[in-house]
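Okay, here we've got a single chain as structure tokens, the form predicted alone, with questions on binding and movement later.
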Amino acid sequence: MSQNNKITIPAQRVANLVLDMATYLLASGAHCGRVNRNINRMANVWDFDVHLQLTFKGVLTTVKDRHNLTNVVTRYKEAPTHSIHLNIISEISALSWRVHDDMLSFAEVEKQYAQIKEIKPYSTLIVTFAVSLSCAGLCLFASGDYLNALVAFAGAFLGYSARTFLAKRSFNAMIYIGVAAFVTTLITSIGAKLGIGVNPEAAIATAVLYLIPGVPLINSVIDLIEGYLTSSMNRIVFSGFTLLCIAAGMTLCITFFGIDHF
């Protein structure tokens, strides 16, 4: 990349791309270290210093041109609603390496990043079916029979559908997680009351596992190890409240049905 190209890139334009990319990565399930490495891998090619302050809800960045100290800007942007999309993380990581290896221009990166953002997620029906099938499989691993697995599948399917319905209508995450846990446990509790299968408790225990915040929990540990303490604490608190809402939804339903041996 020529010296002239580096100088003519406004810091404001770089900051816009950095903030959009960083918040998109966070919302897609990337941990802070990965976000920082991907962004700075590209910024170094363009001779910009990028300092990122990453939190669970947004990103603060300062972008400074190494060859023009007046070409500097500090900006903040909130992250969109978190929705795990590992394909997005992989694509942006691959883009950062193409910038590093092939010295892509800034305009070309903007173009390729816009194409990445157009990647459509899997359809809701496919995701719902896959989630329900995984819960049914876990039920079998937990010593349930095929009837218990069928009940777990039905509970997870309806619970995840309720979660998706409320999430699309911008309900608070803790509300739709609690409702999903209640709906799922409602179905599996009915199965237990009707005596479906040899181990109804296995269906109750495994049907709600799709709600467990696995990615935030894993990322909180990674962030803690890598020194991103603020983000780590945010993720831990969010995961803790998520687990509390799951427990509340399950407890309410189990108590309603009078299941005292779970």
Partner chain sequence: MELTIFNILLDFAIAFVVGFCWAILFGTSRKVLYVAGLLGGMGHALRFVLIQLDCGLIFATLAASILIGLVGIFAAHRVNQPPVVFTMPACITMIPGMYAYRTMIAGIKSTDYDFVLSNPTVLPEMVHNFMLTISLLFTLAIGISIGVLLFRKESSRHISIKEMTK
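Not measured: the values here are computed from a predicted model. Numbering follows the first chain given and starts at 1.
Keep in mind the form predicted together with the partner chain is missing from the figure; the text below concerns it.
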* Leu17, heavy atom within 4.5 angstroms of the partner chain in the predicted bound form -> no
- Query: Phe157 near the partner chain in the predicted bound form, any heavy atom under 4.5 Å?
  - Reply: no
Partner proximity in the predicted bound form: Gln115 to the partner chain, non-hydrogen atom cutoff 4.5 Å
no
Next on the checklist: I'd like to check something about Thr81: if you look in the predicted bound form, is any of its heavy atoms closer than or equal to 4.5 Å to a heavy atom of the partner chain?
Outcome noted: no
The partner chain in the predicted bound form has a heavy atom of only one listed residue within 4.5 Å, and of Val99, Ala149, Val131, Ile187 that residue is Val131
Answer key: of Leu60, Val221, Ile196, Met233, within 4.5 Å of the partner chain in the predicted bound form (heavy atoms) is Val221
Discussion item. At 4.5 Å by heavy atoms, is each residue in Ile126, Leu209 and Met250 next to the partner chain in the predicted bound form?
Written reply: yes
Of the candidate stretches 165 to 173, 105 to 113, 72 to 80, 89 to 97, the one with residues having heavy atoms within 4.5 Å of the partner chain in the predicted bound form is 89 to 97
Across 201 to 215, the residues having a non-hydrogen atom within 4.5 Å of the partner chain in the predicted bound form turn out to be Glu201, Ala202, Ile204, Ala205, Leu209, Tyr210, Ile212, Gly214, Val215
